[in-house]
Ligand SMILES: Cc1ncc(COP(=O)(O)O)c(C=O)c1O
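Quick heads-up: it's one chain on its own, the form predicted on its own, in structure tokens.
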């Protein structure tokens, strides 16, 4: 029997079973929805997606963030459609990549030069390589709970359930050589005193400090980023902001604009390319020169090449997305919709007797059930009720919200007040279900 002749729900069950056989882990990555609410998406439009069974969802995951304009935005689909007939990749320079680089340099406070990559993981990995080449040092420092992609230097102290043995941490993934741990220092987020002490102690061997300025759902405390900026500048350590999530989302100039601290390098992705696969490193020309084969012999270069770097299809999507995001009122709208949603969910949860927090920024936040109202570090977050978060997320999914339990809510320009009204109704019903 062909798939088209199977009723929608049976078709979805069939596809999920086939995915379980042919896809490693049954999915596309680290995060899979629980079996009882797992789905196969058929289409997305604006703030909604539809699964193969024909069910509609208000989407608050947005492809894990890239679809800041919503799904299938006309400006992006038109630009991409026009490019497709001209070819999908060239490897050599194309005008769209040059124009996108110019736009990024104009928008990003630390921006003087750009290097395109294929993903956020590549961007953070190569940014660390550039910092090593620039400084001649080898160690890097990251913060406990920070998410910098899937490479071997990133996955130390990312999701521990107990405090790390600072500045050492355990690897998060199997298959990471233990020797790399000697090159990765880890400090608790928002502890300026400890971060400064570690940086000063290891300054002569430290190439870079990499930080998510908004770490997952944790906002930086006043003075924290400033202290890290001052000590890294004083010791010639490259400061890297991982803005893969925050870039063009929490402000036009990203976290650098929002928090008023400018790094040496920054990595961008997700919203930057309008839902297409592209990321980049942006930063000071003096540091980015480590990538410049016109200035250095090949053996002195920081290699960061990739077959699809600067892909013209992704570049035109990025240009179209940035043109929309640059319109007046964009960020006021994102903050208004996100603020209303955050406040409504917290009010609803507390009305049902649950210690509900909406941590983060209005355009990207996480719902956590936790008694502590002063959450500042990854270890503080470990006190949240993960099981309750999972059950509440499942109830939201059952009622038509596409969320990833215990992760983030992403807001898009396509979300409307009507979406928020319906979302708050669903969230309230989900709270009632988990407390009944």
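Positions refer to the first chain, counted from 1. None of the values given here were measured: they were computed from a predicted structure.
Missing here is the form predicted in complex with the named molecule; even so, the following discussion is about that form.
The contact with the named molecule in the model of the complex, taken as any heavy atom within 4.5 Å, belongs to 212 out of 362, 191, 212, 144.
Only one of 239, 317, 245, 128 comes within 4.5 Å of the named molecule in the model of the complex through a heavy atom, and that residue is 245. Remark: of stretches 161 to 169, 97 to 105, 347 to 355, 147 to 155, the one touching the named molecule in the model of the complex is 147 to 155 (heavy atom within 4.5 Å). Contact check for residue 115: every heavy atom lies farther than 4.5 Å from the named molecule in the model of the complex. Taking the partner from elsewhere, residue 249 is found to have every heavy atom lying beyond 4.5 Å of the named molecule in the model of the complex. In the model of the complex, at least one heavy atom of residue 121 sits within 4.5 Å of a heavy atom of the named molecule. Among residues of the shown chain, residue 216 is one whose heavy atoms approach the named molecule to within 4.5 Å in the model of the complex.
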